[in-house]
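In the block that follows, a single chain appears as structure tokens, in the form predicted on its own.
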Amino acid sequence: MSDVKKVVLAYSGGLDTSVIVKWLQETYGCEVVTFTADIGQGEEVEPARTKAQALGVKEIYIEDLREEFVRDYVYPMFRANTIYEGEYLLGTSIARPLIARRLIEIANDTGADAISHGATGKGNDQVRFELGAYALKPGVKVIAPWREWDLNSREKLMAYCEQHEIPVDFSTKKKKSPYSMDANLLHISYEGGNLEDPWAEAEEDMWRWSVSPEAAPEQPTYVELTYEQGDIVAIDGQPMKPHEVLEKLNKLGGDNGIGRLDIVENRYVGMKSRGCYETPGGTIMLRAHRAIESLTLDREEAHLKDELMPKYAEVIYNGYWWSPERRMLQAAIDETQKSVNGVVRMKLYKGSATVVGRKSEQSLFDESIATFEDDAGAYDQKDAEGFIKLNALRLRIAAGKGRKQD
């Protein structure tokens, strides 16, 4: 007899998690609570309710978390200009801590003994979900079916559905999608299919959010982004909530062929993985944020922040959002953003997002000093001689002692 009486499942309503509902009921003899989060994946989430009810689920949670997702997770991450391994904007990674938190909160509210998810034993998401869960509820039991069952192929999953009379969409039953996809307001990812060959080019009809740069409009689109303390609060002077900002920038970016990425990344579990991503709004946000910081941050502050960023990115990628090191880094990053206020003008054209203007009342750019014209004594160029000699002192001493310089 299982000691698990009730489990909260992160439920998408798709094939895998529908099988998991029945498998949990059968294997553990437990009651299943489903939790479906709308974080901007672009698909209706309400049908998950009907599917869960058909599987005998009594407690069903379906929540619109789009604003919270962007405000409390995406925006803080972008204050750090976060990219993993030089390219990946962490679209999947940043959604997992929010889902993990709600799983635990629902487990507490419903008196559940365990939580469950549909992540496989090969990927990063199992780590992210479970690290978050253990950080928020140390004694929680986690059930990861992909690490327990033998339903390790689509054919076996389909056979299980037929055996247990689990309804499957006709289109899904007849035609297998070639890609494993994950979407939210920040991005959509693609893995599997022909992408498992790193030499194979992604097929054009795979992309869902963006036109190809070649097919983008012949005329550029200009957009002005207003920042307050490192966050975008308005587009073209129109105030917007965080999730509205990202929705708007996704549309503008996608229409102009911006945000496509094809990379091989190093997963935390040890393997390399090839994936393609569309992050149109995030690509624009990253460029614009660095532009407003270039005006408003002190040089050493900006450079130190850039040194911290790879560690911050790794922490999020590996699933440690709820860790003390992430909170420590976040506090340092957020402190730098107090002066990051102003407006950035972007030019969107055929796959490129180019900064063409920036202004701020807290700008550290002093035209009277930087000018190539007469600066009226604002900067004494003679001062540079002593500065250079002092900084060259150790080099001069070494050379004078005969140290080799090549």
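Residue numbers run from 1 along the displayed sequence. None of these values were measured; they are calculated from a predicted model.
Beyond the structure shown, there is the form predicted together with another copy of the chain, which is absent from this document and is the topic of what follows.
Checked against another copy of the chain in the model of the complex, the residues D236, E165, E335, D72 give one hit for a heavy atom within 4.5 Å, which is E335. Checked against another copy of the chain in the model of the complex, the candidates E26, E63, E43, D366 yield a single residue with a heavy atom inside 4.5 Å, and that residue is D366. Contact between A159 and another copy of the chain in the model of the complex is not found at the 4.5 Å heavy atom cutoff. Under a 4.5 angstroms non-hydrogen atom cutoff, another copy of the chain in the model of the complex lacks R96 among its neighbouring residues. Though the partner is left out of this view, R49 does not reach within 4.5 Å of another copy of the chain in the model of the complex, counting heavy atoms only. Q126 belongs to the set of residues with a heavy atom inside 4.5 Å of another copy of the chain in the model of the complex. Heavy atoms within 4.5 Å of another copy of the chain in the model of the complex map, among the stretches 228 to 236, 295 to 303, 106 to 114, 247 to 255, onto 295 to 303 alone. Contacts of stretch 373 to 406 with another copy of the chain in the model of the complex, defined by any heavy atom lying within 4.5 Å, are made by E373, D375, Y379, Q381, K382, D383, A384, E385, G386, F387, I388, K389, L390, N391, A392, L393, R394, L395, R396, I397, A398, A399, G400, K401, R403, K404, Q405, D406, listed in sequence order.
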